[in-house]
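One chain follows as C-alpha cells, the form predicted on its own.
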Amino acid sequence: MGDPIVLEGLTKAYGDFVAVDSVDMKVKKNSFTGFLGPNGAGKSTTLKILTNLTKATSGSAYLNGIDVTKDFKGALANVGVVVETPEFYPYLTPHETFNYIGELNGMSKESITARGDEILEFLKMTENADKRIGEFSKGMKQRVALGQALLVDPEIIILDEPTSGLDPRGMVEMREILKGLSTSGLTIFMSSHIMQEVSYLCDHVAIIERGKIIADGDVKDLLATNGMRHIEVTTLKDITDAHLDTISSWSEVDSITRLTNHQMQIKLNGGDSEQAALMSKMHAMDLGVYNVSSQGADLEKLYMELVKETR
C-alpha cells in the first residue's frame, strides 16, 4: 500500500473564493504531520473534505488508497477523527459513550470494555469514566473525543486544531497525550496554526497559505534546506568577544550572533550530530550553558520567509 493520505489537485471553491487551491500532498505512513497555516488558510476545509463533512469542487482525496470523494464509507472505515468542537450526549459517561460508539462499529462487548479501559488509562481519565460528560471542561471533552476516535483501533487519526479553545493547562495536557500517541505507530494528520505546537509534536509539516501548499517535508529537512537550522544558547556567565571568536572558529558553526551578554544565536553547519558536538565543546568552555532552544523559532522564521515570497 502507498501513502495513507494522498491529495491530488484538491480544490474547494465557494463562488469566486477558492478556499483550497489544487492541493497536491502525501502524508507518510506512521508520521505525525502538522498541517500548518493561519486561520482562513484552508486547513479546516481540507480536513472537512477528507472526513466527508464537505464536498470537493474538484480533485481527489485518498485515505488508505480509497477516494473519499467516491467512497467515503470505505475510505473512512479505518480512520479516527477529532473535529475542533466535539459534541456528545451530555447525560452519557465516557464508558457509556464508548459502548455506544463501539456497538455502532460492530465491536463485541468484551472488546469495547478492554479497549475502552486501555484508552481511558492512556488519557488519564480512569477516575472520570463514570461521570456525566455534560459536567466536563472543554479539555476533558476533547480527551473523550480523542478516545472515541481511538476506540476502533484506526490506522489514521485526523485532528482539527485539537488544542483550540483550551485553557493553558488543558493545552499542555492534550499536547502531552498527543506526544505519547506519536510513538503508537499511527499515521497522525493534525491541523494547527500554532508554530510551537507543530514543532513540539510533528516530524513532518505541510504549510498552507491562501489555499496553496507552500512547503511540504520533514521538519528538519525543511529547516536545513532553507538555511534555518539555528539554536539559541543561554549561559550563566558573560559571553565575551573571546568566546565568540573561539566558537565561530569551530567547523560546526556557520555564523554566530551575540543577542545579549548571556545569550547567543548560532547558525549550525550540519545537523543533529554536529549540534551534539557543538554542545559538548560549549560545555567544556565552562560558560554555564543552561538553556538551548531551536526548531520552534526556526519553523516560525521559515514560515514568515515563505509567506513573504507568496505575497
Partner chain sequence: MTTTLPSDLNQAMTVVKYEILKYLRGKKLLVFLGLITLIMVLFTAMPYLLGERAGLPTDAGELMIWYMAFIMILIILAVTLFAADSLASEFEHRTGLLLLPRPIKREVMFAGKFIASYLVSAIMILIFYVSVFVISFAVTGEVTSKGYTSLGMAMLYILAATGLGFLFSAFMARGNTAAILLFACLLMIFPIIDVVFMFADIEPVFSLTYNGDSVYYALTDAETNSDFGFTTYVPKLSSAAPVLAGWAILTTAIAAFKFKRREF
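Residue numbers count along the first chain shown, from 1. For clarity, every value in this text was computed on a predicted model and none was experimentally measured.
Another form, the form predicted in complex with its partner chain, is not on view; read the next lines as being about it.
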Would K26 sit within 4.5 Å of its partner chain in the predicted bound form, counting heavy atoms only? no
Is T54 part of the interface with its partner chain in the predicted bound form - any heavy atom within 4.5 Å? yes
Contact of G106 with its partner chain in the predicted bound form (heavy atom, 4.5 Å): yes
Residue contact check: K48 to its partner chain in the predicted bound form, 4.5 Å heavy atom: yes
Is it the case in the predicted bound form that F72, A77 and T97 each bring at least one heavy atom within 4.5 Å of its partner chain? yes
Between L120, V81, M140, M171, only one gets a heavy atom within 4.5 angstroms of its partner chain in the predicted bound form; which residue is that? V81
Which of E176, E135, D167, E87 has a heavy atom within 4.5 Å of its partner chain in the predicted bound form? E87
When its partner chain is placed as it is in the predicted bound form, which of 197 to 205, 230 to 238, 177 to 185, 149 to 157 ends up with heavy atoms within 4.5 Å of it? 149 to 157
Those residues of 108 to 131 with a non-hydrogen atom no more than 4.5 Å from its partner chain in the predicted bound form are R115
